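What follows is a single chain, given as structure tokens, in the form predicted on its own.
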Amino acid sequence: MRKKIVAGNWKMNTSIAEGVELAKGIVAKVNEISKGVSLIVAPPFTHLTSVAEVLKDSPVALSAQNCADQPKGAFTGEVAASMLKDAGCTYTILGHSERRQYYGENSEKLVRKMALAFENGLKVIFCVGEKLEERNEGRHFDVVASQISEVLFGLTPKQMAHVIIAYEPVWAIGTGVTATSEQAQEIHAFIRKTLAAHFGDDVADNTTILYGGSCKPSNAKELFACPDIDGGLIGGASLKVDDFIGIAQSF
């Protein structure tokens, strides 16, 4: 049975005090969602230890939004996977479209990040997805297949058990535009088929795949009803307790 997960990516938002209050609000309402649904929050790096204290003894897991592709050393401004683990993280997000688009992250770098995350006992939320022009040109399946094969196909089935995939149609992130449930289901099914062709049905059937494009309480129920959509990686709506919990209640 695949895990149902709703993860909140706070991106570069909130002060530490605001982040702590947001985390407290989520913890206070976590009992209002089904026991079969897990929550993850990903605050900015500066908030991690403070939010970790709030989440302690709760079922809500802590994620970082990224990690360095080097273990330690003279890399000003970077944050190592070991530091994230030390700060209380269970997960890190890797390959988010904003990291790919604005900071030039490629598959080679993501392979190194993935290895360091595993070495330090972190699970990974790995993001894939196509840009608008790639979808319009009919290349969205090829783009997503390449992103998966170049980074994940070097993993073992045991490592894949610690990977969540998040499909983000880049054209729907922060735009208010959402892929239709049919579009989302089609590519989620394609991702699972791609995993099955390489790893086998067992890995494919047990990998949680999240939808990550402008998901909100008003459309989450329809999306989550799709057989291959196992939850959401939530951006803007994760900054409001009621919206985030409302999305999790959509299962």
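Quick note: we count residues from 1 along the sequence shown, nothing fancier. Just so it is clear, the model here is predicted, and its values are computed rather than measured.
Omitted from view is the form predicted together with ligand PEP, to which the following refers.
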| property | result |
| --- | --- |
| Proximity of His96 to ligand PEP in the predicted complex, heavy atoms at 4.5 Å | yes |
| Distance check, Ile229 to ligand PEP in the predicted complex, heavy atom within 4.5 Å | no |
| Ligand PEP contact at Ala23 in the predicted complex, heavy atom, 4.5 Å | no |
| Exercise: Glu168 in contact with ligand PEP in the predicted complex, heavy atom 4.5 Å | yes |
| Residue stretch of 148 to 156, 169 to 177, 107 to 115, 83 to 91 approaching ligand PEP in the predicted complex, non-hydrogen atom distance within 4.5 Å | 169 to 177 |
| Three-residue site Gly19, Pro43 and Lys240 fully in contact with ligand PEP in the predicted complex at 4.5 Å by heavy atom | no |
| The single option of Asn66, Thr208, Ser214, Gln185 touching ligand PEP in the predicted complex, heavy atom within 4.5 Å | Ser214 |
| Interface residues of 222 to 251 toward ligand PEP, as seen in the predicted complex [heavy atoms, 4.5 Å] | Leu233, Ile234, Gly235, Gly236 |
